[in-house]
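Okay, so here's just one chain, in C-alpha cells, the form predicted on its own.
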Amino acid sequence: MPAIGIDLGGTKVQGVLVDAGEVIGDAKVPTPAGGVDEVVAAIGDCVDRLGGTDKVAGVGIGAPGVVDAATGTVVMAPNLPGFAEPVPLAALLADRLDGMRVAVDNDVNVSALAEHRLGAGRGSSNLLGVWVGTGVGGGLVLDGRLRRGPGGAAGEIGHVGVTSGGRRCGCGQDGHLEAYAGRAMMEQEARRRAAAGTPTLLVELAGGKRMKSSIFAKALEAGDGVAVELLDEAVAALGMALASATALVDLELIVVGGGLAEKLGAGFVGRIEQAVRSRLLVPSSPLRVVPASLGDLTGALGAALLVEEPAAA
C-alpha cells in the first residue's frame, strides 16, 4: 500500500507518494515562519497535494533536530519556527489528518534509512550514513535496522571529537568533527582568516551572502589556498571520525551525502575513503566509502519508509 513521506526543512516541505519503493508523486510547499500551527498546516497541504490519505498506509516525517521517534515528538529544532520547545508533531498531524498513522524521526536518520533500503547501501547490513552540508549529520543502521539509541542520538557523528580543544563547534563544544567539516563552520573560519589578512576567493565569491557549497567547489577548482587548506582539514577530520566509528561497530559501508559532498563530487568522497583507510585497525577491512545516490528526495523517501519500519530502537 502506498505511503507518504515528508522531508520537513527550514525553507521547504518536500513530500513524496511512494509505492513499493518507487516515487509515484511529489509535491513541495514553503515552510511557513508563523509557528507550529502553520507548519502543521503546511504539511497537511503537502499531503493534500499528493492526493490525501484515503489510499495510503500512513505518513512519515523526517524532521531536523532532536526527535523522540517512539512518541513522534520533536524535542528541539531551533531552525524551525516554534520548535525550540518539544512539539508532539505526530499527534498534531494525526489530528489534522483525521487519525491517519503518523511516524516522525530525525531527518538524517530517515536519509540513512532510504540509502540503506533503496540507494547506495542496498544489500548491506551495517552502515553509517554521513551528510556533509551546513553541518555534519549521521544515521546508523546495524544488523539491518535503524539504530536510534536510548536518547535518540545514535549516529551523531558530527559531534564526535577529532581533536583536543580546537575550533568551537556550533553546539558550544570544542574540537568536534562539525567544526572542521560543516560548511557553516568552514565559512566562519574562512572569514576569520580573511579578516586576519589572508586573502581568499571564498570571501570574494560569497561577499556578504552565505558561502554555499558551490562557492567552495569553485574556489577549490581555482586553487585558492584557504579553500584547499579548509577542505584538507575537513577530509582529515572525517577520516579520523569515520575510522573511529568503524573500529567501534565494524562497519561494512559508509555512505556520504549532503550539499558539500554533492558539489565536490566523487573525488571528495574518494579522498575521505583514503583518509579512513589510513587509520583502520584492520587494513584488510571490507569497508567501502561511497557517495549517496538518491539525490534531493532522499529525506522524503526515507520518511515514507518509516511507515513500515519496526518500533524505535
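Don't overthink the numbering: it's just position in the shown sequence, from 1. Computed from a predicted model, the values in this text were never measured in an experiment.
The protein also exists as the form predicted in complex with another copy of the chain; that form is not presented, and the subsequent description refers to it.
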Heavy atoms within 4.5 Å of another copy of the chain in the model of the complex: which of the stretches 213-221, 187-195, 169-177, 94-102 has them?
-> 169-177
In the model of the complex, the one of G207, G149, P78, P86 near another copy of the chain [non-hydrogen atom within 4.5 angstroms] = G149
V74, I157, A181, V108 - the one with a heavy atom within 4.5 Å of another copy of the chain in the model of the complex = I157
With the partner left out of view, is Q274 within 4.5 angstroms of another copy of the chain in the model of the complex by any non-hydrogen atom?
-> no
Does at least one non-hydrogen atom of G133 fall within 4.5 angstroms of another copy of the chain in the model of the complex?
-> no
Contact of R49 with another copy of the chain in the model of the complex (heavy atom, 4.5 Å) | no
Would T200 sit within 4.5 Å of another copy of the chain in the model of the complex, counting heavy atoms only?
-> no
Using a 4.5 Å heavy atom cut-off, are V56, D68 and E308 all in contact with another copy of the chain in the model of the complex?
-> no
Considering only 274-304, what residues come within 4.5 Å of another copy of the chain in the model of the complex, judged by heavy atoms?
-> S278, R279, L280, L281
